[in-house]
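What follows is one chain in structure tokens, specifically the form predicted alone.
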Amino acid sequence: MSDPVPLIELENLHRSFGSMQALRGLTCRIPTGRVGLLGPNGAGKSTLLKILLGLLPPSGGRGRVLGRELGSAGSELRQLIGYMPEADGLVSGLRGVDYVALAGELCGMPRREARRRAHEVLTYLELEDARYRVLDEYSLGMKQRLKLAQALVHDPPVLLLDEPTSGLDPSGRDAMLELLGKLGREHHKSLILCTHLLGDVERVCSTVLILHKGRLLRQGAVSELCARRQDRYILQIEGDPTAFRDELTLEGVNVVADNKRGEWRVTVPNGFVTRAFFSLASNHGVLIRGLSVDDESLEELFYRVLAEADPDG
């Protein structure tokens, strides 16, 4: 049985604008699913999105989306991808249903089919009561759902989402993330989520790409990249910790977080054995109530990877 076609394949992908290199030798193979695209400003995320959409050709290397070559399959790529931009791009004076149907027609759908699908998608996104209102009357949350509707109207297998929760209040953000997760889990859409909000990626995505200065720093499953590290522990203690903490420091143990309620997050040096925690605590009248290996959050992973790549900031 042959391997399934991956969502994204990049092989030494480059993109330059004159002397400025926006992408520098990206190579990866990402399976279908929910993918988070992360990186600080200037990392190359926007350039990569435009290449994936077929709007920009690579300057060097090659890439594929669902087996279609980047740079030579532009219109075919856009049939496979629904794009939700960060900017509104809405047409003043149009009604919601007309706007979504227009997006369907621009994707090559017959007019009647585009209008039928527009009604269907707006109902799914709970905008049926607003479908005949002009876009100028839509709230920010409604506009975000409308942008998602126009990305979905031609039923593409891939959704490319640029800051989909931008500007939303907490309840609106929660509803949008729940909707995106449902599209991935229940409707088997592959998502490429580009955002500065790491919590959005952690909630929705199973795979991440981390870009920095045009280079790919990390790629892979969130669960694997954030796997428990054997040099990090959570300590729960009772008693005066002052002398205990001082001796741990002498042993090379670093307390990286202290909630002031008896819980520490610590890193340990190579060769440190966990039973030493108990013997040192006993020496100073401290009781250890709990000891567990610590997880690294996606946010911690992100900033650690950036710091390792650019230690001078």
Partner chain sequence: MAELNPVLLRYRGWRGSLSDNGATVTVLFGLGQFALLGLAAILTGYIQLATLTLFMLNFSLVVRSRAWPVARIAIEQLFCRRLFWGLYGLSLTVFLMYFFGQYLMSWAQNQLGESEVRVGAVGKVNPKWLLDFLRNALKFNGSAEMFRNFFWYETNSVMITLALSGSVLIGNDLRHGSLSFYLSKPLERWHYLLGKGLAVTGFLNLFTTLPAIVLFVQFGLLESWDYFADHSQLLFGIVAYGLVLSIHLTVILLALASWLRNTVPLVMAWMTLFAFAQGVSSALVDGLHYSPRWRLVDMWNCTFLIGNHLLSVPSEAIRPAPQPPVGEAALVLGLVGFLCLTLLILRVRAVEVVS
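Numbering follows the first chain given and starts at 1. Keep in mind that this is a model prediction, so the values were computed, not measured.
Note that the form predicted in complex with its partner chain isn't included here; everything after this is about it.
Using a 4.5 angstroms threshold between heavy atoms, A103 counts as touching its partner chain in the predicted bound form. Its partner chain in the predicted bound form comes within 4.5 Å of no heavy atom belonging to E202. Among residues of the shown chain, G167 is not one whose heavy atoms approach its partner chain to within 4.5 Å in the predicted bound form. Of the heavy atoms in S75, some are within 4.5 Å of its partner chain in the predicted bound form. Contact with its partner chain in the predicted bound form, defined as a heavy atom within 4.5 Å, is made by none of M20, R68 and V222. Note that among 252-260, 284-292, 48-56, 267-275, the stretch whose heavy atoms approach its partner chain to within 4.5 Å in the predicted bound form is 48-56.
A heavy atom within 4.5 Å of its partner chain in the predicted bound form is found for one listed residue only; from R133, R215, R111, K143, this is R111. Along 106-138, these residues reach a heavy atom to within 4.5 Å of its partner chain in the predicted bound form: L106, C107, G108, M109, P110, R111, E113, R116, R117, E120, T123, Y124, L125, E126.
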